Ligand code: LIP
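Quick heads-up: it's one chain on its own, the form predicted alone, in structure tokens.
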Amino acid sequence: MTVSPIDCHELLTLALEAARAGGEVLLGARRELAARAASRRTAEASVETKGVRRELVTATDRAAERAVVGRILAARPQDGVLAEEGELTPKGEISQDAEVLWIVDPLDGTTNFVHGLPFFSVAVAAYAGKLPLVGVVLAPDLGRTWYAAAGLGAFHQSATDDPTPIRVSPTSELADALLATGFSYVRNEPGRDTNVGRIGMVIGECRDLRRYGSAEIDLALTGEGSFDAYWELDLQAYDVAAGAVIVREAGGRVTDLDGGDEWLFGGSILASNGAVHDRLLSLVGNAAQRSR
């Protein structure tokens, strides 16, 4: 399936508009809490779980999704949508077969949001089948937006500056690399892969390791070269769809933990500058874990 650059430009414009609408909802909720001088107990009054105690969802997640998906469907009702919370489309399901599929996470990093940390984002992506077209990651509390479109490159924009092109880092040795990862909300079942073993294999081989709690921000930071690579397990498409576009358009490499191409719907991802990818895969990849 071929989509022309002008089509991607139009999709990118809409994705940015939709992400900004969601970001305004998130910032409005934060301002309201600050104005009320809300305690954490008050802030968490509208917090629910998604069947797993650690996986949170708030009224703000839902309001942001209505803003984002509403903007997309108003402009392109013929497109499909896959959104996390199911406010205007079926929850966690593709709304309809269409040439373009929008993948939306209205609040990636809900736990950070609830606990007053600024590392949360709105993520909006457009795909044609499994072909990445557009990705936007907007971190409103940080005042930063990363975005990319197929054939048009990847960019970063702060609240006060014009967009600037971004590229992945030139780091060639894992020993010099700053890495990022995350953990699943489901950790207690016997035999569950918690990712802890992988960290043990990597921590002595790299410069250092970070865990920010927003997969989309971790991917965006990999795209801009702040991180040299990022991996995680137990993810959904809306956790990675936008950030993966940014990494790819910034010159990086994205695979699943088998080294293949099933990172969008396959549940695991490894994104890197390309140069450290194979070495890191030899430590955190599924084949490496099975051999131990």
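In this text, residue numbers run from 1 along the sequence as written. Here the structure is a predicted model, which means the values were calculated and not measured.
The discussion below concerns the form predicted together with the named molecule, not included here.
The partner is absent here, but in the predicted complex a heavy atom of 110, alone among 157, 171, 110, 89, sits within 4.5 Å of the named molecule. Mapping the unseen interface onto this chain, residue 211 counts among the residues with a heavy atom inside 4.5 Å of the named molecule in the predicted complex. Put simply, residue 239 is close to the named molecule in the predicted complex: some heavy atom of it is within 4.5 Å.
In the predicted complex, the named molecule lies within 4.5 Å of some heavy atom of residue 232. Remark: residue 184 counts among the residues lining the named molecule in the predicted complex, judged by a heavy atom distance of 4.5 Å or less. The stretch from 212-220, 149-157, 71-79, 128-136 that comes within 4.5 Å of the named molecule in the predicted complex, counting heavy atoms only, is 212-220.
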